[in-house]
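Each of two forms of one protein chain follows alone as structure tokens, named structure 1 and structure 2.
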Structure 1
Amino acid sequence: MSSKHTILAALKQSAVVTAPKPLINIEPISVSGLNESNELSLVEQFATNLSTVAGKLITQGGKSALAEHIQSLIEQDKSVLSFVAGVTGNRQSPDRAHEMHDVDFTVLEGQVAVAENGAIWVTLPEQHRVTPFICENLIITIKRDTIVANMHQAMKAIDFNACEFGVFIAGPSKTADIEQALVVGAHGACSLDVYLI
């Protein structure tokens, strides 16, 4: 027996016997005055917590308001890359991610929004992984019925096998490393607008 096998055998004998993980069943956190089954309450809670992480929720106008906003950005000669059906930008997704360095706005569709922290689960099945992070400004759409109360419910709602890459995005890029002064847009998108559709 080689020394490697001797060491592995000794480790195997001294290893702690594994035990089944405890079942964690945490009830959703209820915010005072808000009813989790009330859709409007979830939207209000999401909007409040999204603003805490420097994002903004637009609840009026839906996809048509977003399309009008995108059209006004294009008229201002902004570069807009859109991956939302019915919202047309003036850029196409390039073959190489490096060619996205001058994108002013990227529009993505969020799959699940979390009211307790303002985070949004975004998958990128066809785009470069850098897409939500390399643009100057980020716009995400969410549907009312995809807002959940907390991360426990979000994790149950996400099908991790259905996507190659996904990420929770909570507001634009920011840091408070230097003297605890919050700086928005430190190393990614400088703003995040979320359209409720």
Structure 2
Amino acid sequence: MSSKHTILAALKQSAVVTAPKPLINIEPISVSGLNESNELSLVEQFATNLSTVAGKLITQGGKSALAEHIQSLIEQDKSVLSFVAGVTGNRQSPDRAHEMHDVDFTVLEGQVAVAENGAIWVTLPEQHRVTPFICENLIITIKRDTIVANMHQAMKAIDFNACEFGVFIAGPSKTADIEQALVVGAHGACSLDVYLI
């Protein structure tokens, strides 16, 4: 008997009483005391939670502020790889993913942003999957109307059938493995700036 069949046969002896699948129906946290417009309060929640995970939200200036920032980085001799239309870097996506090891900044589009925890859903349909992890610093753009309240709403907003790989990114890479001291910048990007466009 193959191991698969051995395992499945053993599972037939399970003593666990059949339990129904629960209905997951959690209302978004109501945010009182903020602005009338729910949209704005989501931005504020997102900004707050992004900062607790060491990321920074830039709400002013939109894409032109981002383009200016990238221009100044290039003038400082930084290497920039951009996947956002209208924002031009000075590096191209290479044939071999390993060649991205010295990219200073990568600019990517985020698809869905989650207010409760500052996470942003990123997919890379055509590029190397390692792109958001291997760069020294990461910049993500998000659209205001893609911010959702919580993870339950995020799951509904994402089309997983169309995705082969995706990642929720909440802030820059970090670790607290040495005496619980938080150090930002472990293996992935050392900083995360998020532009609201």
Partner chain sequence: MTQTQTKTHAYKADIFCQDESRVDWHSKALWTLREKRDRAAKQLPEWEQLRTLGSQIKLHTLSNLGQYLETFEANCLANGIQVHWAKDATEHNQIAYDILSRHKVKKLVKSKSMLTEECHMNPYLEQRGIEVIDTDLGERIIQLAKQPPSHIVVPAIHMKKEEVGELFHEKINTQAGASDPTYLTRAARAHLREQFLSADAAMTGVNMAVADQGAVIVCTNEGNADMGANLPGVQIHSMGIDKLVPDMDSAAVILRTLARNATGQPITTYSSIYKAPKSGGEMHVIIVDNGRSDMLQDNILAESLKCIRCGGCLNTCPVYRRSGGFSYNYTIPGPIGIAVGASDDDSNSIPWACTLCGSCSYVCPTKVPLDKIIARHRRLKAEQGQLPYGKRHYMPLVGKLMANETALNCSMSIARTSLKILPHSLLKPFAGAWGKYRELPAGADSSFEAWFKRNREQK
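Since we're looking at a predicted model, the values are computed, not measured. Here the rigid core means the biggest group of C-alpha atoms that line up within 1.5 Å when the two forms are laid on top of each other. All residue numbers here refer to structure 1's sequence, counted from 1.
The form predicted alone appears here as structure 1; structure 2 is the other form of the chain.
Remark: with the core as the superposition reference, the CA shift of V16 between structure 1 and structure 2 reaches 2 Å or more. Superposed on the rigid core, the forms differ at T6: its CA is offset by 8.9 Å between structure 1 and structure 2.
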